[in-house]
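Presented below, as structure tokens, is a lone chain in the form predicted on its own.
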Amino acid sequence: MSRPAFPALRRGNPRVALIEGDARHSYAALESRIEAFARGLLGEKDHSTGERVAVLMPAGRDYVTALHGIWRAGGIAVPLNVAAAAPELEYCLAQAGVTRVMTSRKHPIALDPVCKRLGIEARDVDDVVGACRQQRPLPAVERSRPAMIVFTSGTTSKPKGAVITHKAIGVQVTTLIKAWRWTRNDSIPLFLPLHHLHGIINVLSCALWCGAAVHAMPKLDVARLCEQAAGGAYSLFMAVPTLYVKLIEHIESLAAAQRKAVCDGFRRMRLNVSGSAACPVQVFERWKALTGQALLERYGATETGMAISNPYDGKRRAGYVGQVLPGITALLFDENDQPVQKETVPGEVRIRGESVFQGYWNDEPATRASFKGGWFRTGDIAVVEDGYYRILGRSSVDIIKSCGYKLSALEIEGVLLGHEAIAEAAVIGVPDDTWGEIVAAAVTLKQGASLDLPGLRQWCAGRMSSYKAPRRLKVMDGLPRNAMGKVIKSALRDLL
């Protein structure tokens, strides 16, 4: 084939693909610009086989042009975090062996020193489009070829570059379009970072595949989001739990008439999705009380795409990520690498299927270690209850081994969020000579609230077993999080 098969991206399609401020870009106009970019990127070459080209810009026409243009030229796109520090960018650029970085004049990022050290060329998207001088045919791109190197969150170790093929992208996108009932009449805001699959696949690619409209927001503006929701701009909404918390706080601060308009706007949408981190039950319930929307929580990984989801039709269970999506195979395995046979028995989630990544770029040892018998080892521990998966946490950071028990940090966090003084909570295990590990909690407090360890332990009595109650407490101004809202628990260890 000549390009990834996004059916809506074609000449002659007049439908609006992107809304960027006051500008509206049709699918036909995007298609023309993508082709020009691909030819400008190729120059005199016939094929950009395997060249790694980084994309460093927020949501908008330039991002779509660069991403799809790299694919059309036969290259491998490396989406990077626009909020990353220079050393983080340098690490990813060097790891992936990037030769060129695509940027946008509308959203400049200081990159010159990094590019100079690595001998990398930085180009503006408009300049590449303008370099197109001839209408030569674009190369054929096999579906088995790598399309992207997406770096993992790096919450427990240095980020690794997951190689995702064109075929895997197609499988991931079409699976979600069917599961979540995407149509060309949908409209969705895009404010999620575009260096992770939540933004790239779940929002942008699903929309552009089926012909929906994307409202590109280079910078998150909660007040603007709520205004547009009240005005009926969106039919779908996808966010991380921390944003739902911010939305709830903002909505509850509004005057009664405004609050009703915003809540009614979300109520009219056909779907609200939460992902990339565990959604606390309290957030689920408060959002439903305000908007009538039962959040659809789902589960996936950079290496697998979305694998498990609460149903579009049917009960969405708070605290559960749902059931295995069609076409995906998932099982729980115990510590002896045997499949878990009984419900309610914890095990590691392992996944296989055509959506799974090819491997880690230039890291064969890590690739071998991540697979067992053809199954990708997610490192996440879960239980299945009444057919629904419930994530207990990461085997490395969220499973606390204390006094002979295996405790779920996520479960304890969920209870702590019920405390009237606590706004956010993160729980980890810290070494202890007597208990093996003890439960330690880092929290942020609601305005004007105070909390100490004796008071917290007294509150926990009767709400959780005594061995689950935190034995160490750290009150913080804010929890360390990555771009997708996940708490970086490794950063808490020294503090606790």
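For the two forms, the rigid core is made up of the largest set of C-alpha atoms that agree within 1.5 Å on superposition. Keep in mind that this is a model prediction, so the values were computed, not measured. All residue numbers refer to positions in the sequence shown, first residue = 1.
Just so you know, the form predicted in complex with a small molecule exists too; it's not on screen, but the next bit is about it.
- Contact annotation for residue 350: none of its heavy atoms lies within 4.5 Å of the small molecule in the predicted bound form.
- Among heavy atoms of residue 276, some come within 4.5 Å of the small molecule in the predicted bound form.
- Taking non-hydrogen atoms only, residue 298 approaches the small molecule to within 4.5 angstroms in the predicted bound form.
- Using a 4.5 angstroms limit between non-hydrogen atoms, residue 128 is distant from the small molecule in the predicted bound form.
- Proximity to the small molecule in the predicted bound form, defined as a heavy atom within 4.5 Å, singles out one entry of 302, 81, 104, 174, which is 302.
- A single residue from the set 316, 196, 259, 215 has any heavy atom within 4.5 angstroms of the small molecule in the predicted bound form; that residue is 196.
- Shown alone, this chain has one stretch from 180-188, 108-116, 277-285, 137-145 that lies within 4.5 Å of the small molecule in the predicted bound form by heavy atoms: 277-285.
- Comparing the forms between the shown form and the other one on their rigid core, the Cα displacement of residue 437 reaches 2 Å or more.
- The gap between the Cα atoms of residue 338 and residue 437 is larger in the predicted bound form, by no less than 3 Å, than in this form.
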